[in-house]
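Listed next as C-alpha cells is one chain, alone, in the form predicted alone.
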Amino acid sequence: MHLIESHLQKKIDDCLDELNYPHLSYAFEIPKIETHGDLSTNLAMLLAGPLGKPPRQIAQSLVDKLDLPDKQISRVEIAGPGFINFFFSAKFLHDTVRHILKLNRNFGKNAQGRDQKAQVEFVSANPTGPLTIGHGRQAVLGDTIANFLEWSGYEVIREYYFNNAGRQMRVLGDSVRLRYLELLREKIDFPEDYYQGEYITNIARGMIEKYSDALKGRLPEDLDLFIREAENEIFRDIKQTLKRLGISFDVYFNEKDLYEKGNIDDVIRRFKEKDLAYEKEGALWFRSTAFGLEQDRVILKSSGEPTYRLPDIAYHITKFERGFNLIVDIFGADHIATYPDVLAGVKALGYDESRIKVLIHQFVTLYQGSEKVKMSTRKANFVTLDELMDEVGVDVTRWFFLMRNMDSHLNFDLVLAKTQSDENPVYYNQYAHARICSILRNAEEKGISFTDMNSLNRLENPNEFQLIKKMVEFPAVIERSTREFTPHQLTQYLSELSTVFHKFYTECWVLSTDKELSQARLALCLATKTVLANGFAILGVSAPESM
C-alpha cells in the first residue's frame, strides 16, 4: 500500500505547489464501502479552514490538476463533503501480484529502522519459579515486536534482565533447604510465605541425588549453595520453556553487575553533583518533582538498601551507553505506576528519554469455556507456560497472546484454543495456507504451473481483485504495527486475508480447462501463500502445508 500512497502523495504535493495551497499533514484511508474507492483522503476538508473555501471546491481544484488516471489509478471521484476517492487500475493489481512473487519472503519488509539499533527487553523474570501464562503473554509480545523491528530494518537485541540477589533469592534457597530436610525425614516448619510449588521439592530431590545428606545442619554456610542450585535449575527450565516457544535472547543482564561494576554508585554520585538527591529521615531521595512527578522518590532506604528505581535507572543508562537508538521495555500492568520514576531519573542525568518506549500489557485470565480457572501464585497452583503449551500447542499459545491489543485484558479460552474449526482463528488462518499448498500439489499432479507473467492479465473477476487489494495492504500493516507497537493488527489482517481467500476459492475455480486462467489463478494463490507465510513468520507461527 505504501508504494501507491507514495505515488499519490507526490502527485498531490505537486498540485499543492502549483495551486499555492499549504502543505498539511494528511493520510489515506481504505473506505469501508467498496463503491467509495480503494483509497480516500480528506485533505480538501483539512484545507477548507486555511483557504476559506468549501471543501468540495478545493477537492475539485485538486482533482483537475492531478495527472490522473494513470497506470496505477483508473479513476478519481469526489464524494460527500469533499472526500477524494481513488480507484486502483487492473494493471496496478496485476503488477502487485508480480511484485509479491518477485519479492517472495521479502514482501512486506521496509527500511524504517535502517542503520538503527534497537533493544527489546522482555520477560525479565527473576529465577524464583517457572514461567506462568502471565510471563507467556509478555514473552510472545516481546519476541514478536522484535520480529517487527527486524522486518523494518532495525538491528535488534533481545535482552533479559534479572536479579539473582536479595531477599527473594534467600527465601528461594531456604525454601529448597527446608524441602531438602523434609525429604530426609527431618521435622520442619515450612513458612507460609515461602515458595511452595512442586518445583521446589523437585529441586530439593535433585540436591539429595547430588549431595545425599551431606548438607544437613550446615546452615548458614550452605544457604548460598541451595540458592545457586535453585537458580541454575530454574533458569535452565526458563530457557527451555522459552526455546520451546521459539524465543532466544541475545543478552542476559544480571542486576548484580550494576553493583559490582559501580553503576549504582555512579548514579548516586551524579545525582548529588546535580543537586538532584538529598537526605531525609535517614534515606536518600531523588528530586523527581523537578521532572514532572507529583512527589520525590526514595532511591536509597534508611537501611542502605536501594529501591527498585536506583538499579533500574542505572540499567537504562547502560542501554544508552551501548548505543541503542530505540529502547523498548515491555512490562506487565503492575509497572504502570512505577516506570515514570525511571524515565525521570534517566532524563535528569541528561539522556533522551524519548528513545525509550515503555509498553504495558494487561493480565491474562484463563477460562475453560465459561468457567474461570482459579490460580494462586502464593500457593503455587498457577498454570505454567509449559502446561499451557502442552494443552494447546505453541502456535495457538503465540497467536492467542497476540490477537488482542496489549492494552486489553486477555481472556484465554482453552476450549476455543483446542477447537479445530473456523471458530479458532489459528486453525482458520493456517487452514488457508494449507489449502493453498493442497491446490499447488494438485496443480503439480495435473502438470499445471505458473510460468507466464502475461497470464495475470486474465485476472478480472471481482473476487480476484478483492484478494489482490487485501494483499496490497500488507506492507502498510507491517509499517503501522511496527510504528505503533501493535502486533494484534497483523493477526486481524491475516484473518481478513484468509476470509477473502476462502471466498475467492469458493467463487473462482482455480484449476480449470482454461490453462491460461488456471495459471493466473495459481499465481494468485502463490502470492496469497507468500503473504500468509510472511505474516506467520513475524508472529512466530508455523505455516503448515497440510492439516
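Residue positions are given as counts along the sequence shown, with the first one as 1. All values derive from a computational prediction rather than experimental measurement.
Beyond what is shown, the protein has a form predicted in complex with the RNA; the following relates to that form.
Which of 420 to 428, 98 to 106, 114 to 122, 186 to 194 sits within 4.5 Å of the RNA in the predicted bound form, heavy atom basis:
Of the options given, it is 420 to 428.
Just one of 171, 208, 434, 394 has a heavy atom within 4.5 Å of the RNA in the predicted bound form. Which one?
Contact residue from the list: 434.
Within 4.5 Å, heavy atoms only, which of 71, 409, 75, 243 is in contact with the RNA in the predicted bound form?
Selected residue: 409.
Give a yes/no on whether residue 335 approaches the RNA to within 4.5 Å in the predicted bound form, heavy atoms considered.
Heavy-atom contact with the RNA at 4.5 Å: present for residue 335.
Would residue 511 sit within 4.5 Å of the RNA in the predicted bound form, counting heavy atoms only?
Residue 511 belongs to the contact set for the RNA.
Residue 520 versus the RNA, in the predicted bound form: is there a non-hydrogen atom within 4.5 Å?
Heavy-atom contact with the RNA at 4.5 Å: absent for residue 520.
Tell me, yes or no, whether residue 481 is in contact with the RNA in the predicted bound form, where a contact means a heavy atom of each within 4.5 Å.
Residue 481: no, not in contact with the RNA in the predicted bound form.
Within 531 to 547, the residues that have a heavy atom no more than 4.5 Å from the RNA in the predicted bound form:
545, 546, 547, in sequence order.
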